[in-house]
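The chain that follows stands alone, in the form predicted on its own, written as structure tokens.
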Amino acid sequence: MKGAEKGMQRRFGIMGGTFDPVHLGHLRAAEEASYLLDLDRVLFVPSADPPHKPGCELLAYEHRLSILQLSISKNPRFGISEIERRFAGKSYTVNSLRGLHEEFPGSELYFLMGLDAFLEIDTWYKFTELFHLARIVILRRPGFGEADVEDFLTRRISADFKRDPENGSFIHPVMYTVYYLRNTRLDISSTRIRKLAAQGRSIRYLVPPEAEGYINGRELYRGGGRN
């Protein structure tokens, strides 16, 4: 990204994950968040060595990156940061957010994550620092609701979080605001896509056509393994 472009774009959505593979649920959530929060850009951050999936065999980073690049290429608001590949060792979110602040000084960061993942954030490395580095944006997931967010925030993060009934956010006197988005819930998972691909079955309408062509053309995930 050019220096002049950096100076113009001040509100960044950050969506991290293994993206093994990225699917329409990821993309739709990022699209809705970009408009609901008036974000200048959403950066997808593929994890290089995820600490919460020890021993998990991932598709090679280059394949996951290529699928992601193809999937977002037609959306001018979407971009990719390879910041986690530049770090040695585990891909900790706190390090990525620190690095993005250095890369885009003065910008506001909005970290997008599913509600299921958010309810485990207290197991993440230096998790309280995340609430001082970015505005956490929680995306709806089947089986969970806003009451779960409020209960978790006040019990596990800080009792000083207060719900703002007007916009579904949670305000804190020191930490950044936490947002709960009523985004469209698409029950699509990367796990399901991998299983279908492994069986040679269709993954159409679960991933973008460009991703489908890349995965099928290279017979990725076939036989249940990674390539």
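Given the structure is predicted, the values throughout are model-derived calculations rather than measurements. From 1 onward, residues are counted along the sequence shown.
One more form of this protein exists, namely the form predicted in complex with a small molecule; it is left out here, but the text below deals with it.
Checking 133-141, 153-161, 79-87, 100-108 against the small molecule in the predicted bound form, the stretch whose residues place heavy atoms within 4.5 Å of it is 133-141. Here is the short version: of 190, 69, 169, 34, the single residue with a heavy atom within 4.5 Å of the small molecule in the predicted bound form is 190. Interface residue among 178, 42, 197, 29 relative to the small molecule in the predicted bound form, by the heavy atom within 4.5 Å criterion: 29. In the predicted bound form, the small molecule lies farther than 4.5 Å from every heavy atom of residue 94.
Interface residue remark: residue 19 is counted as part of the site for the small molecule in the predicted bound form, having a heavy atom within 4.5 Å. Contact annotation: residue 121 falls outside 4.5 Å of the small molecule in the predicted bound form, judged by heavy atom distances.
At a distance threshold of 4.5 angstroms between non-hydrogen atoms, residue 208 is out of contact with the small molecule in the predicted bound form.
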